[in-house]
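Okay, here we've got a single chain as structure tokens, the form predicted on its own, with questions on binding and movement later.
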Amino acid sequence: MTDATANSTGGTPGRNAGSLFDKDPRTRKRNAAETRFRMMGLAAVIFGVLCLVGLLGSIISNGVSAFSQTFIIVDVFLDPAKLDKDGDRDPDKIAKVTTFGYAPLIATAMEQAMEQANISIEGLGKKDAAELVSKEAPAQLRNYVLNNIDEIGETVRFKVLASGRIDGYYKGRVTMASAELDRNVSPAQLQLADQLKAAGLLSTGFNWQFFTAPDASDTRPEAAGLGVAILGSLYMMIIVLVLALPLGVAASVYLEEFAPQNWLTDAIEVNIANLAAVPSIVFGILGLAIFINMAGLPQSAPIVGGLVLTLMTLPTIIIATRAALKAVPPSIRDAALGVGASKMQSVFHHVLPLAAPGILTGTIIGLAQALGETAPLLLIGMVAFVREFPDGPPDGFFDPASALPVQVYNWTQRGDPAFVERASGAIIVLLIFLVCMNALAIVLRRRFERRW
């Protein structure tokens, strides 16, 4: 009888013989521990997803109303006696008429619209009816007249912004009960708004001005927009891309392909890794000290924000580029050198093109990270109230501007609930940009990635 036969018949001493499918207590205990671990992992994932859904749901529910706006449609008579007293249609003279000269025209148009629609509210005067219109409306009418001087003396149908309280009434922020305690709106004015809507003179539509208009003062939240912030963020991303990409790629190629392995390069690599973990506000302090105090660059300018975000993005691009270069097999380098190519030719003709997908992915992720940064921009003054659009490049890089995350912070500091709605809407816009940039990075990686 062989040993195998003995073991199969007699079994192992000290152990009960049985089927392999019968689980002993130790196996059952190990399987139970594995099941508990898997359930804990699944619970953690579900909890994270629920938190994300709750966060996104809160932002969307509060901010989706920012993409709609309430307007009042009135027929405004552009009175030449107020806008062009000399009658010579001189643009310079017409431009001297301030918004105070246009406000009575809108108030008269509101009164006439109520008379034509046979609308009257007891105890509501002409001034109270005019308060349904946004304080931004005279400026909008003035801009229209300056662009259409030939229409002075005619009656034009003009769509003006409704006030923030009237807009909030149709978005659920304002009610009849709250209007009784609000000094900025009365229940009678809300009733007038309902009658204007029934007469077709008040409507709610998509708010394109939210993307194109500049910021507005605290008294006119309905006119606040992201135009300057979007343009400022675009200018900063251009600066970051132009500076960070070539510098980061050049540094990565040198460290990975040409630099000797000694204590100096080791120290550089450690410091690059440390810089990637430094809080972003530290880069803001650095930008304030160097670019503003020492170099004398203007505050609130995209050039300063772009330089600060370039310093913050460089470590991310360098680390991603080095990882992409390491992913290229050494056989590619050896084959290029074996057929007579120089070290420079092997890197730039073979290694770098093969690492390009990873480099582009790292660059886009770095830009997305820079787009959402707020703390360093606050320190260099980009939180300032800016209404004028910056000029085109390159002069616009030195003009005052804002940025999307800073605009969100700015609106959350204001007291009117309409600005909270605007802040949530701006977060949605920022998230859309970030999702698009990360999706582009994933598409590029999957499109050009090569597996060795």
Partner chain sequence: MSVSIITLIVLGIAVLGFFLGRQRALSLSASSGKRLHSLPGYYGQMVFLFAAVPALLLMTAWLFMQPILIEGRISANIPDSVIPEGGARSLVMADVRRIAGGLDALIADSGMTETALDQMRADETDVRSQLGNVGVALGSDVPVQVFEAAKEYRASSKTGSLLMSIAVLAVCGLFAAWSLLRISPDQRARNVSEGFVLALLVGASLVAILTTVGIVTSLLFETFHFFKLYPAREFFFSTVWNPQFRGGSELGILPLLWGTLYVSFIALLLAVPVGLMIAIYLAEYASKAMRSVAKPAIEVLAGIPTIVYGLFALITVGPFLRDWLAQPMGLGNSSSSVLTAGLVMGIMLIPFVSSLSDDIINAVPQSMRDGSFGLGATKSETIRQVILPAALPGVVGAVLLAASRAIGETMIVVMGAGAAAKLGLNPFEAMTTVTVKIVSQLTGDTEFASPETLVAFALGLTLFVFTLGLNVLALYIVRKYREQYE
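Numbering follows the first chain given and starts at 1. Because the structure is a prediction, the values reported are computed rather than measured.
Beyond what is shown, the protein has a form predicted together with its partner chain; the following relates to that form.
Residue Leu286 is the only one of Ile94, Leu286, Val328, Val160 with a heavy atom lying within 4.5 Å of its partner chain in the predicted bound form. The partner is absent here, but in the predicted bound form a heavy atom of Ser342, alone among Asn148, Ser342, Thr99, Ser178, sits within 4.5 Å of its partner chain. The partner is not drawn, yet in the predicted bound form one stretch among 107 to 115, 83 to 91, 214 to 222, 378 to 386 has residues with heavy atoms inside 4.5 Å of its partner chain: 378 to 386. Shown alone here, Ala188 lies farther than 4.5 Å from its partner chain in the predicted bound form, counting heavy atoms only. Its partner chain is not drawn, but in the predicted bound form it has a heavy atom within 4.5 Å of Pro405. Of the heavy atoms in Ala441, none are within 4.5 Å of its partner chain in the predicted bound form. Residue contact with its partner chain in the predicted bound form: Leu431 places a heavy atom within 4.5 Å of it. If you take 216 to 252 and check each residue for a heavy atom within 4.5 Å of its partner chain in the predicted bound form, you get Leu247, Ala250, Ala251, in sequence order.
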